[in-house]
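In structure tokens, the next block holds one chain alone, the form predicted alone.
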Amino acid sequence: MSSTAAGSLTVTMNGSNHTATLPLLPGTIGPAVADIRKLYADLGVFTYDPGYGGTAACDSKITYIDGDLGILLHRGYPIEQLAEKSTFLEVAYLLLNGELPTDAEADEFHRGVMLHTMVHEQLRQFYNGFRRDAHPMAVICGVVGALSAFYHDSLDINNADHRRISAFRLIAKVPTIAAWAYKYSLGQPFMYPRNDLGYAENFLYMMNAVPAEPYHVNPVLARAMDRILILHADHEQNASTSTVRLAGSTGANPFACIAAGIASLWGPAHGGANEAVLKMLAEIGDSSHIPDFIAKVKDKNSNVRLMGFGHRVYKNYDPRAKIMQATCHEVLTELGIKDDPLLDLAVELEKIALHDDYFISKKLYPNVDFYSGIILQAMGIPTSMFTVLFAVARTVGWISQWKEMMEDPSQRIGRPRQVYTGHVQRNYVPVESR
């Protein structure tokens, strides 16, 4: 961020002559932000912002979102162009390095990632320590956190080469760890990665192949998976990314930071939304029930929510949702699914909601989760793996954000303040006098 202020904001304490001048710092796009770092020193007060919805905790060059206009840019490139023309590994290079790669750089990056797809053989034993019915998110959270015990040769966070190697290892190994978590839940043999395949192809291979017979990756499904990964690669300072940055600000190793991000993503309000959409559509059951369902959503006394609509940031149509909708039709056509009840129901529900004054006034538009669950279900992926796939994609965003933070000379340990509302100081009372 430029250190040159684009004006200032003056704050005056009521009933006093004390004022504070807050510099307004500009970004390249979007509103200027008031620098409040000296507010406490000047006026003796902090700011109060639950959920940090109006607070910038860092400056970043990676991702920009304009929620009102429905814009998502990665390093300046629109998500629509990247999803249509790019590949996940090319987007990963872009997020990490700031520019799209040349042919030579892309080949070198691809080799760098694929050379790290194997995991230490002893990590296989970790899976046996989990119950067979353990949630895959619990498994990958534990296994990713344990990577630092096996790859401690490159954990100097102040060494640029170590940061680069850690980035390669995480991007390469998380799909293997995730696929093995799925295989473990099925009781099937683990499939080792194949470096002759592309990133998404290799992931589908490890998920679906068995040693007993050959498995050929469907190129349409591989492209759909690659696009899903692109659409989930990074999304600015969301809850899990902020968790990674907060953990990283302490100097924790990158494996621990990404494990923290996975744990944060596991929350149903963050990474589990596409699973909630499927449950909602199943509960509606038929398009004839949509009016009753919509009425319940509007009822303030009802706990019924319209899942897959609305977003903390977007107050317009999520640009990723349009791409996901088109991808959904491609996958169902390829699989020969002509009449999918869930898709038909989703389309009808979307049509009604987009023309209802209630939802229009509240700016509740479809988000990326509305169609992604239908795609994954059609591909035979169980709902328990939906958030895992999100974690596979978001790993590159997390490690890019972590790397950017580590290279920021102004980076400080995260330490939010609070409004204390408990007891004032009081004296200890012996137990016999209570």
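Just so we're on the same page, rigid core means the largest C-alpha set that superposes within 1.5 Å between forms. Numbers follow the displayed sequence, beginning with 1. The structure presented is a predicted model; accordingly, all values stated were derived computationally and were not measured.
There is another form of this protein, the form predicted in complex with ligand CMC, and it is not shown here; the text below is about that form.
*Asks:* Check 273, 368 and 390: does every one of them have a heavy atom within 4.5 Å of ligand CMC in the predicted bound form?
*Replies:* All three within 4.5 Å in the predicted bound form.
*Asks:* For the chain seen here without its partner, which of 98 to 106, 304 to 312, 84 to 92, 198 to 206 has a heavy atom within 4.5 Å of ligand CMC in the predicted bound form?
*Replies:* Partner-contacting stretch among the options: 304 to 312.
*Asks:* Name the single residue among 190, 317, 358, 77 that comes within 4.5 Å of ligand CMC in the predicted bound form, judging by heavy atoms.
*Replies:* Answer to the contact question: 358.
*Asks:* Ligand CMC isn't shown here, but in the predicted bound form which of 165, 73, 364, 256 has a heavy atom within 4.5 Å of it?
*Replies:* Contact residue from the list: 364.
*Asks:* For residue 212, is any heavy atom within 4.5 Å of ligand CMC in the predicted bound form, or not?
*Replies:* So residue 212 does not count as contacting ligand CMC.
*Asks:* Would residue 268 count as touching ligand CMC in the predicted bound form under a 4.5 Å heavy atom rule?
*Replies:* Answer yes; at least one heavy atom of residue 268 falls within 4.5 Å of ligand CMC in the predicted bound form.
*Asks:* With the partner left out of view, is residue 297 within 4.5 angstroms of ligand CMC in the predicted bound form by any non-hydrogen atom?
*Replies:* Taking the distances in the predicted bound form, the answer for residue 297 is yes, it comes within 4.5 Å of ligand CMC.
*Asks:* Align both forms on the core first, then report whether residue 359 has a C-alpha shift of 2 Å or more between this form and the one not shown.
*Replies:* Passes the 2 Å threshold, so yes.
*Asks:* Taking the rigid core as the superposition reference, indicate whether the CA of residue 222 shifts 2 angstroms or more between this form and the one not shown.
*Replies:* Residue 222 C-alpha, core-superposed: shift of less than 2 Å.
*Asks:* Using a rigid core superposition, assess whether residue 294 undergoes a CA shift of 2 Å or more between this form and the one not shown.
*Replies:* The answer is yes; the displacement is at least 2 Å.
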